[in-house]
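Below you will find one chain, with nothing else, as structure tokens; this is the form predicted on its own, and questions on how it binds or moves follow later.
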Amino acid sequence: MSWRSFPKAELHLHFEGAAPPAFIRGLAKEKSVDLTGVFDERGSYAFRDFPHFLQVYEAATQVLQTPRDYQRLTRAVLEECAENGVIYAETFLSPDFCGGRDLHAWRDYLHAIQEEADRAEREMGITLRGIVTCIRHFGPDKARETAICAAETAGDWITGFGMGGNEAIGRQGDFIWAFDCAREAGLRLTTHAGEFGGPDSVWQAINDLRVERIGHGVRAIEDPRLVETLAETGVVLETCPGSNVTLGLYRDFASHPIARLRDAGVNVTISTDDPPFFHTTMTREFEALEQAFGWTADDFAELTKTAINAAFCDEGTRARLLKRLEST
């Protein structure tokens, strides 16, 4: 069957990383920005490995210079999501890219993004919420500034705080201040771990940052005690199988540990991470998982329900999303 219209909830989506290449090329042309090396001969994002991916990602974001640019980006991203049946998405937003961590500038960017997201919800039926993220390889001091931006704009739309970036730099515990600041502001917490970092990075995220969700987290499969802990505590993994396969963590979808983690009682969800970079969509993720593991509509409904229940949204929004899922 085609999974395109099946209702989906995505919890792990990098905002700039979801920008269609044609959108970025168009902005670059408008602004006369040279993006040599960012795209391959087919017009897709070009990168060799994860460190190079981060460089290309940050190079592409240089064309996103104003709140209006981010408003247009919001429309482009949500159109792609809605076309693939996504009814709810949470996206990682960074004040590092939106105003250089200046609170007044961040508010302007945020207003533009939210205004377009509200319009998209009315017109396309897709709900978006924001998770403010600090960038790990920018260091703990800048993470503090990002956390203050998050705390000052926490509410019904900015509902979470997290961390992305290069897992090879520093430790989760280096960022305790930023996560404590966000927690005190009422924000719910997630962080990238267990992708290029091993199981120890997941232990750090749980013990040092006390998060309730882990971005990726798939290398937990290498530590049986950690798998048991995740299952017992209910910590949710924001798994992104297509991303992991493209970046070489696993040979193919059949080798990916999402099914083994799920069978062990771990709460897993499905997301695309940076979809155009990894040539994926939520529809393609569902198709590949069906082919790899024989999952059915009941399996995907259960996975989507897990994502909705783990979403950093208010209870009214959650009830509405569950009702939409149950009506399919």
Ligand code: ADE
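None of the values given here were measured: they were computed from a predicted structure. Residue numbers here begin at 1 and follow the sequence given.
Another form exists, predicted in complex with this ligand; not displayed. Remarks below refer to it.
Engineer: Want to guess which of 179-187, 160-168, 79-87, 218-226 is within 4.5 Å of this ligand in the predicted bound form, heavy atoms only?
Structural biologist: Correct option: 160-168.
Engineer: Identify which of Y57, F39, F300, F293 has a heavy atom within 4.5 Å of this ligand in the predicted bound form; exactly one of them does.
Structural biologist: Looking at the other structure, the residue within range turns out to be Y57.
Engineer: Might D274 be said to contact this ligand in the predicted bound form, defining contact as any heavy atom within 4.5 Å?
Structural biologist: Heavy-atom contact with this ligand at 4.5 Å: present for D274.
Engineer: Since only the chain is shown here, I'm wondering whether H192 would be in contact with this ligand in the predicted bound form (any heavy atom pair within 4.5 Å).
Structural biologist: Yes.
Engineer: Taking any heavy atom pair closer than or equal to 4.5 Å as contact, tell me whether F53 reaches this ligand in the predicted bound form.
Structural biologist: Although this ligand is absent here, F53 would touch it in the predicted bound form, with heavy atoms inside 4.5 Å.
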